[in-house]
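A single chain comes next, written as structure tokens; it is the form predicted on its own.
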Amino acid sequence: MNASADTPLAMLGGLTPAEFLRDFWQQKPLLIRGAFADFECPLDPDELAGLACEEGIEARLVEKHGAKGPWQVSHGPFDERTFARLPERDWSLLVQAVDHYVPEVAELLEAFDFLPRWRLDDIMISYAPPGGSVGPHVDQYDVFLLQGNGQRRWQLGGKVGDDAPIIDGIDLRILERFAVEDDDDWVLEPGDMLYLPPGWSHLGVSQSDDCLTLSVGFRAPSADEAITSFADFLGEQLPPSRRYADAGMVPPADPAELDDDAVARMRGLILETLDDPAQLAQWFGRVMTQPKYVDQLVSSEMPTDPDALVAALQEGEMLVRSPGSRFAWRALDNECATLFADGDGADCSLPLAKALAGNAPLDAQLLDIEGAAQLLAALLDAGSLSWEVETDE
């Protein structure tokens, strides 16, 4: 259940979600001591290193003093020899989307239900011995930095522009200049959390052995990405007859001139095409539910028989949302909605869309909603859903 907008939350330092969104979200940082009381990190450094050795998992190793020069970056998968050669300090291991692989990490996302679920990107976890860092830098997304193990010192340098100079020749966007602003200098202990809005320069340095930091990041497409993607989405649906037209124009004074009337006609064609809120919503739902890693979804080799699916659910089996899958819904009217799942959209009843995009169990009770069997079968075939696998305790 979503957190009430007016209920103070310990993870927000006693602020209500409404207060946090009004005063801090995308505006200024917030340090929260004891955001998660008695916090125990869901995995240890060895388990994180194990993930970094697996194929298909995005991992980076950042060495402040690498063999090939300062701030050397290597990309996984790694092996035991990689970790064996590392010094006792001044390096960091970063593993993306750990919530896709470790259910206990994924459960942390439930604490952030006061924000739109489709804005969530992933949980990255970084490990570092003393001195480990990725240098002073800026992220163009919102992030909550939750300390898991050990201590990390965070220093903030204020908001910087897109033209802030960065160090050339390395595979990191490290700022050339960084100065700590005011008293924005803290050491975080396990359970402490720091919220940073986009564009805020910061530097995090490990202060102890086994320093683990969990970064809960939020996706936000850039303007150029959005315009290109929306144009592609519209272009796939427009008929070839929809073209520039100039019926009734007057003879040009100079046939080589691109006059104001011609520009206005082209502008009208483009704006008329773009000015469709329903189309924009359909594109937006698809782009914001695209999975982080498309190849992580495993589609069915054979189409699912809805009748067989119904029988399995009635016998007590359950479906689950696949790790890394993204769901959202948008109402079309009081009864119907579009369910967006992993970059695709399907119209269905509003109750069904809400149930599938929420946290409701995917069991036989869903079959009471009209159209559920067919949509569940389609999502299972696409890899957005899978059958729950029982594990031995």
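Start at 1 with the first residue shown and count on from there. Everything numeric here is computed off the predicted structure, so don't read it as measured data.
Another form, the form predicted together with ligand SIN, is not on view; read the next lines as being about it.
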Q. Is His100 a contact residue for ligand SIN in the predicted bound form, using a 4.5 Å heavy atom cut-off?
A. no
Q: Find out whether any non-hydrogen atom of Arg286 is located within 4.5 angstroms of ligand SIN in the predicted bound form, and reply yes or no.
A: no
Q. Can any non-hydrogen atom of Ser215 be found within 4.5 angstroms of ligand SIN in the predicted bound form?
A. yes
Q.
Using a 4.5 angstroms cut-off on non-hydrogen atoms, would Val134 count as touching ligand SIN in the predicted bound form?
A. yes
Q.
Only one of Ile174, Met124, Met193, Leu319 gets a heavy atom within 4.5 Å of ligand SIN in the predicted bound form. Which one?
A. Met124
Q.
I need to confirm a contact call. Of Leu313, Leu156, Leu145, Leu115, which residue comes within 4.5 Å of ligand SIN in the predicted bound form, counting heavy atoms only?
A. Leu145
Q | Heavy atom contact within 4.5 Å of ligand SIN in the predicted bound form, the stretch among 158-166, 136-144, 175-183, 293-301 | A | 136-144
**Q.** Candidate spot Leu94, Arg152 and His202, all three touching ligand SIN in the predicted bound form (heavy atom, 4.5 Å)
**A.** yes
